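There is one chain below, alone, in structure tokens, taken in the form predicted alone.
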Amino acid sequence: METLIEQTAEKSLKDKIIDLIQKEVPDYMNNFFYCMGATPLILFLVAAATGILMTFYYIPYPEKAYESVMAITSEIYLGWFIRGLHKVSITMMIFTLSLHLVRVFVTRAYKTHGELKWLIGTMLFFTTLAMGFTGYSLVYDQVSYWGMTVVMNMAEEMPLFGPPLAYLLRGGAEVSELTLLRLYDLHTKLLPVLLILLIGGHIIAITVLGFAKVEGSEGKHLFYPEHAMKVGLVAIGLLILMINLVMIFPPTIGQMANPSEVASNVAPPWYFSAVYKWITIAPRQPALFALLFFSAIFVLYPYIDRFLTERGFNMGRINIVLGTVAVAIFSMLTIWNVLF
């Protein structure tokens, strides 16, 4: 009797797994423009795997951090390749997440009970930015050290929560060995766990709430094997692209960080370049308030969209205009900061 019950339970579990992997997905998901959501997941897996390998050699103390990164880059077998894949995967994850959010915004895919998916997606985006910044700081050469210092100073000047946040991250009033240790803990422990939870939550939200509806596309197909095979091809393509990028642009390392000598080419990571440039060309406090205001609008936009739609606004056209302007301003400020 017990065996029969166990077999029934096992069969039920198998049926649930089969139902899950054979869940129907819309035909428009075959278009890469609409299936970019899987791309950051693939890149996160690559970043996690390569990051775990580097933790075997990295030493999170100021006098050892630079030497360990130097050893990974120039002494350990294929260390430069693993570090390059890790760096490229995080960079591409931030870039593809940005593209995905722009697509969702322009197509208004956050409608039809998609607000929760948007909220989780924006938190995932900000967490990935934090992941990139903390990893950038761990190199501990002149550029990364002073870039970290610049970002910390920017954070400290943010209204309301800025000073306590900067103090918490630095472990005091100034950048010290505690700062490096805290950033390492964030990069290798707290932020990866948070990313896993957010990715899992986003997948569950999509499973429960369903995919966004796209006008003119009513057909569906099974996730497995058809869609899974296409995601696999995307993963292979991404790996080929990343390998080529690492081979063409292998990772480098500058001079060891010197807290007493400001780097001449100090700059934050490229994904903070637009923010950094905006703060340098605009009055500091108004610029920071504007960033906070924009971030709040960005996170809560689905609810703003619903409010305005109910009052007769054509949000389809408004979103296209806003999206185009936002991308243009971000690109202009980034290029301005990088080139000039």
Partner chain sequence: MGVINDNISRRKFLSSSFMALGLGFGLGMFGLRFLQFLSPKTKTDRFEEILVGSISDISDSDATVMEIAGSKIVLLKTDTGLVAFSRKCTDLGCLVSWDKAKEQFICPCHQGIYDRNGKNIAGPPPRPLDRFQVVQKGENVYVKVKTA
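Residue numbers count along the first chain shown, from 1. It should be emphasised that the depicted structure is a prediction, and the values quoted were computed from it without experimental measurement. Rigid core (definition): largest C-alpha set, two forms, superposition within 1.5 Å.
Omitted from view is the form predicted in complex with the partner chain, to which the following refers.
For the residues 246, 263, 138, 195, the 4.5 Å heavy atom test against the partner chain in the model of the complex is passed only by 263. Only one of 105, 133, 184, 146 comes within 4.5 Å of the partner chain in the model of the complex through a heavy atom, and that residue is 146. Taken together, the three residues 153, 276 and 279 all lie with some non-hydrogen atom within 4.5 angstroms of the partner chain in the model of the complex. Exactly one of the stretches 94-102, 248-256, 118-126, 171-179 approaches the partner chain in the model of the complex with heavy atoms within 4.5 Å, and it is 171-179.
None of the heavy atoms of residue 226 is located within 4.5 Å of the partner chain in the model of the complex. Mapping the unseen interface onto this chain, residue 270 falls outside it, with no heavy atom inside 4.5 Å of the partner chain in the model of the complex. In the model of the complex, the partner chain sits within 4.5 Å of a heavy atom belonging to residue 167. Once both forms are fitted on their rigid core, the CA atom of residue 163 lies 2 Å or more apart between this form and the one not shown.
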